[in-house]
Structures are given as C-alpha cells and as structure tokens.
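The chain that follows stands alone, in the form predicted on its own, written as structure tokens.
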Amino acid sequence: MENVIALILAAGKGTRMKSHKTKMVHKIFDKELVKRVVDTTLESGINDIVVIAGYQKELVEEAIGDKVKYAYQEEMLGTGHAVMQARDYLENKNGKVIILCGDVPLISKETIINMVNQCQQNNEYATVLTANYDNPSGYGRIIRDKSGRLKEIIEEKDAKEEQKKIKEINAGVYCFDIKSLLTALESIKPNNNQNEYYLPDAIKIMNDNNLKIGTVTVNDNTEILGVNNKKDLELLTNILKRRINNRHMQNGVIIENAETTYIYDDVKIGEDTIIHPNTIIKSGTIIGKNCELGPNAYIRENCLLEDNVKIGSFTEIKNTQIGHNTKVPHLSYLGDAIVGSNTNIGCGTITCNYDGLNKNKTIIGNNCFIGSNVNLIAPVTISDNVTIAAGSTITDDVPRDDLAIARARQVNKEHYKKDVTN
C-alpha cells in the first residue's frame, strides 16, 4: 500500500501472564504474538512498519528481526504516549497510519486492508474498528450522537453506568490521517482515572475540530481478542486451530477429528488426504493428494510429502522429502532425509541424522524395501531397488539392486537357562 505506515504497540509487560518474559514473545503455533501481527501487516501490503517496544525490547527485536523499524516506550503511560514515541517516523510523512496491538494476534489482513481502504476512499481523518459484544465488560465503549456518528470513545474505567450498557466496543485498531493524528496528540492530556495518555482521546479532539470520523465493524469478533494470560493463549491457539482446520476441510482435506489435529499456518495439503486423530503438522510442510497421516503422527518443519504417501501411527518426520506412493507405516523416525517413490519403510526404522555436532542426510532411492528395526547412520545413501534386512545397522552406502545385511551372527548358548539356575 502506498503512503501507509503501520505502528504496532508492543511495549507492555503483561504481568497477568505470570511469566519471566514479555507476553509479546509468547507463541501460538511456534510464532510469537507480535510477530504474527507483523507478518499479517506485511501480508496486507504494508511494508513500512514501526514496532513500539518497551519491556524486554531485546526479546521483541529478536523475535521480529530487521524487517521493521523500532521506537521505544520506556515508561508505560498509555497508548497515546506509546504512539508519541514514533513521532520521528511520522513527522515527515503524508498519508495514513494504521495502529495495531502486538498482543492481538488473530487480526486478519482483510480487516487491515478494509480499514485502510475506507479511510483513504472516504477521506476520513480517523477510522475506528468496532465490534458488538453481548458482554462488553473490559472494553472501551463507542459513544455515538443521535445521527449515529461516532462522537467519542470512553474507557470502561471512566464510563458512567449508562455508558457501560452500550454493547458496541472499541477494538483498539485505528487508521488515522498522519498529520491530523500528530496535531491531536499534542492536545491529549492524562485526565483520567489511570493518569495515562489515551489514544482514543484523539477521536474526540478530531470531532471537536469537525474532522470526518468513520468506523468499520469487524466481521469476526475473534480477530480482536487479546492475550493477557495463559488461559487467553490457550483460547486463541484453539481458535486459530479451528480456523486453519476449517480452511483445509473446505479445500478437500479429510480431518477425522479437528479437535486433536494441529496444523500450522503455512502448511499446504492436497485434496483427499486423510488426517487421522492426534496428528501435528508443523510449518513449512507441503503434503500432496491422497496421502494418509496418523493417528499420532508428528510431521515437523520443512517436510515435503508427494501424492499417495502414508505416514502411520507414532511416526515422526523432520526436514524430509518423501516421494509418491511411499509408506512409512508406524514407529519410525525420518530426519534430514530424501526418500524416493514406491518405497516401504519398515516399523522401527530410524535415520540417525545427528552425530553430536552436525545434522547429516540420509538418501533412500525408489522401489526400496527397508526392513523393520533398521538404523541408517547418516550420511548414507541407499540406491534404487535396494532391500535392507530387518535389524540391520547400515553405515555404508548400498548400491542399486543389492540386499544389505548388517547384523551380528546369531549364537545360541546351549542349556543356558539350566546352567544359570543350578
């Protein structure tokens, strides 16, 4: 988006999290809360982003990296004060600024785009995201005049009893005209029960100056849920889980039990793939059509499963590519491996990929049969059409069409039981 900058408020400590680290870096599906907001902002087309950090700012910077700029709020004096800390990034810019919260991680790119578009197209000096709650407790209330025009926002701690009955709430997301916001910030005073500089006070100041104000009502109230404690973290994790699972099912994936299936955000899955209960599929994974996963399967980061692959129960794979029609039926671990097509991996097979210092790769060809309880000591290459005898520990490459047997010769000790009991 042109002439749009985003500010993400991420300075708070979050004492209710009962944690030694800022709530901004707690994770949902292996991604920090604030990083989720940054990534969604980038997906919406806004590349000019300033994160306002404060408590444990080094952890926030570590989570996000150098894809954004940073401003710092050393004292926690309210949302208006936080925005003031980004003044240097705003003073020489024209256009719009959208303000988001780093602890509200499920906001959608569609909502961000909708707010910016309305603010630009309607020539609004401020656009406020609102929602309607049957129980609005804890939220600032939207105060409208008789014509329905937004008049001001009252925080609940400052609201009168009649105002507390209002069900339309402030979602805490705003899009402002940059120059008008900077002017309004100069007039904000901490005249409230918290002695803080409230960003919503800018709305009343703009109204008093007859500037056009608009609102957007969020379509899905779960988008604006914040994280204040570990219970909220669990709630939002499950909301996101359902969102992701529903999307895959709508796209033709069969999920037998969505409550026990955890699929991370960027996973891609082809039609008619079946996912049995208690399956986890982590980031960077691509799964083809007509595959079968689980139950109790763990697909870790950066896996590629081509069409018609079977990953059975109690199987873990990580950073592995598996060709079409290959089966890993159960109780196996494949890490840092490339497996060809039409290959069968027997029960209990392990790629021993870590030597204590480095991760090493195992390559298994097409049309192979790997017997049960085989250890493949990486780095090692198993060529096409190879058979590995059950119970083997393979340390050397196996040429095409060979049978590899790597186990000690069986020795039977005669009368052993009788001797040791006498």
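The model shown is predicted, which means the values in this text are computed figures rather than measured ones. In this text, residue numbers run from 1 along the sequence as written.
FYI, the form predicted together with a small molecule isn't displayed, but the following is about it.
Taken together, G12, C101 and N170 are fully in contact with the small molecule in the predicted bound form: each brings a heavy atom within 4.5 Å. Stretch 133 to 141 is the contacting one of 293 to 301, 278 to 286, 133 to 141, 324 to 332, since its residues have non-hydrogen atoms within 4.5 Å of the small molecule in the predicted bound form. The shortest heavy atom separation between T343 and the small molecule in the predicted bound form exceeds 4.5 Å. The small molecule is not drawn, but in the predicted bound form it has no heavy atom within 4.5 Å of T315. Residue contact with the small molecule in the predicted bound form: L77 places a heavy atom within 4.5 Å of it. Contact check for I153: a non-hydrogen atom falls within 4.5 Å of the small molecule in the predicted bound form.
For the residues A82, V97, L305, I311, the 4.5 Å heavy atom test against the small molecule in the predicted bound form is passed only by A82.
When the small molecule is considered in the predicted bound form, only one residue from Q73, T111, T349, T261 comes within 4.5 Å through any heavy atom, namely Q73.
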